[in-house]
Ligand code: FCB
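In structure tokens, the next block holds one chain alone, the form predicted alone.
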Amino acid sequence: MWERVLVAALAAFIVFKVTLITYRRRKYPEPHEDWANVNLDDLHFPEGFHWGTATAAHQVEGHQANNWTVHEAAKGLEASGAACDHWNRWKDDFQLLSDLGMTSYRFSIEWSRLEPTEGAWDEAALAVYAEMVDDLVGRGIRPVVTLHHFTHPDWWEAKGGFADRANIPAFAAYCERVVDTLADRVKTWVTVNEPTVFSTMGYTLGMFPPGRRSIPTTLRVMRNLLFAHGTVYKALKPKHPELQFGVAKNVTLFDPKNRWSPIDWPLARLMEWFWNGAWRSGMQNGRMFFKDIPEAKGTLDFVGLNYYTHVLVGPASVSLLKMKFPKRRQEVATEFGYPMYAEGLRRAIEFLAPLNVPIEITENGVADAEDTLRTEHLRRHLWVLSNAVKDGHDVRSYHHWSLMDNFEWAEGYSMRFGLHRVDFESQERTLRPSGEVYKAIVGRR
């Protein structure tokens, strides 16, 4: 009996020591600001810093025919339909950018518009994108173009999409044709948006197309996305050395729900490695999930950062399918279900810093239909960003998500991220008070 008690006591002591050591060695102790005593107007940004907003083709253009529209129909999801009818109203929407004082605009190209069937290229559609770029340049707004933002032609999906490395040459050919056409006017290119989100949502949780649930396939897709980026980079950088190519990485932070739990710490670290660390390792070392991807090593001229929140990890603490997340006592829950945690933006920047390339904030925003949280969300994140820049981090831009309400993927039209409210029946755009605040902040810079 005493032996069992002794063994149990020894085991408890070891668990306690491991937990304590892990806690003390944690690089980021999950800081929280006393926001009531922070001067959010104390902002410092360098000359030439880019201020912008962001959108994605499928979310705003309307009337698409791609892997997502097929997924919407197959899963009985809300149809994207006309979205913001941006394909027909883009000139008016670009005026909204000018009215806000934006100097940068991130948007994506819809591959399925340019190559609706395999081998059939729509030059008229490419000409529209070229006209968009010309208009932006004429307004003094830098175009930042994303080549893949979750969508691609269904004919390519039917062949396996990113799950089959044999399909990558077709993707690279599409990228090359677009870049060659616009290279004289577009200098900043995002090859792939949020590779980890695309992989896990489409191949683990099944909420994005193709709606599968397979861990091995998820890992293969994640590796193939790195391979695809590297392939595009190595094909285009020698042809266009003046261009800047990068990836927009969603950096979600993972913290233990219970800081003293010997279970929550390892879970949080495992999730953070899977979501963030493995990708960074792949870009730095050309190796991801124990397999070599030499094509990816050294292929970033900059890195895009999409930052929204942190996730508190513990056994059964997160229900991703219901998008309900735990939060700290002092945190505010957003309409999307996750907490507002502006302090994490600094941690996300520091996570990307070892890549040793400039950082562009390619997305940051909040779902807030009544516009009661967005102003505070915006001001807190800009204050955190300002301090990071002041302390020497090479961050070149901030793109707010989003210019206007749009189609929010699996959530349909229920989530409102726009600085402009959109009436989807009349397509009327109305600048929200938070948009006025952003305009004033940019104007003072």
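Treat the numbers as computed from the prediction; the structure is a model and nothing was measured. Position 1 is the first residue in the sequence shown; the rest follow in order.
The form predicted in complex with the ligand exists for this protein as well; it is not shown, and the discussion that follows is about that form.
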Residues in which of 232-240, 168-176, 261-269, 301-309 have heavy atoms within 4.5 Å of the ligand in the predicted bound form?
301-309
Could you confirm whether residue 149 comes within 4.5 Å of the ligand in the predicted bound form, counting heavy atoms only?
yes
Does the ligand come within 4.5 Å of any heavy atom of residue 193 in the predicted bound form?
yes
I'd like to check something about residue 401: if you look in the predicted bound form, is any of its heavy atoms closer than or equal to 4.5 Å to a heavy atom of the ligand?
yes
4.5 angstroms heavy atom contact with the ligand in the predicted bound form for residue 30
no
Name the single residue among 383, 417, 68, 51 that comes within 4.5 Å of the ligand in the predicted bound form, judging by heavy atoms.
417
The ligand in the predicted bound form has a heavy atom of only one listed residue within 4.5 Å, and of 255, 115, 157, 363 that residue is 363
Could you pull out the residues of 47-65 that have any heavy atom within 4.5 Å of the ligand in the predicted bound form?
59
